[in-house]
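Next up is one chain by itself, shown in structure tokens, the form predicted on its own.
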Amino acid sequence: MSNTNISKQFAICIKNDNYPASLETRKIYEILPDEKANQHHQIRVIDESGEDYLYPSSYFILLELPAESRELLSLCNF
């Protein structure tokens, strides 16, 4: 078990206006920490392209998961 996997964060997409090719609603995405983006009400997401981009925070609900669940999600290929 890696501490990196445990500290990963995830969010579920609830809206994909203007980004239908990049985001799927009701899908879980990995979130990368980005304090500057948070200050502008944005969130850094690894999207359908496999790259990280900024999206409005209002498009996601952050998931608070037990460490074991975060580890299992980290092992999944999104």
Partner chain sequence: MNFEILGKIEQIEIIAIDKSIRDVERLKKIYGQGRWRKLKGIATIKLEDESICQAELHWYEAHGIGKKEIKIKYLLDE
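It should be emphasised that the depicted structure is a prediction, and the values quoted were computed from it without experimental measurement. Numbering follows the first chain given and starts at 1.
Beyond the structure shown, there is the form predicted in complex with its partner chain, which is absent from this document and is the topic of what follows.
Its partner chain is not shown here, but in the predicted bound form it comes within 4.5 Å of a heavy atom of Y59. I14 falls outside the set of residues with a heavy atom inside 4.5 Å of its partner chain in the predicted bound form. At a distance threshold of 4.5 angstroms between non-hydrogen atoms, A67 is out of contact with its partner chain in the predicted bound form. In the predicted bound form, E30 stays away from its partner chain, with no heavy atom inside 4.5 Å.
Contacts between 43-76 and its partner chain, taken as any heavy atom within 4.5 Å in the predicted bound form, involve R44, D47, E48, S49, G50, E51, D52, Y53, L54, Y55, P56, Y59.
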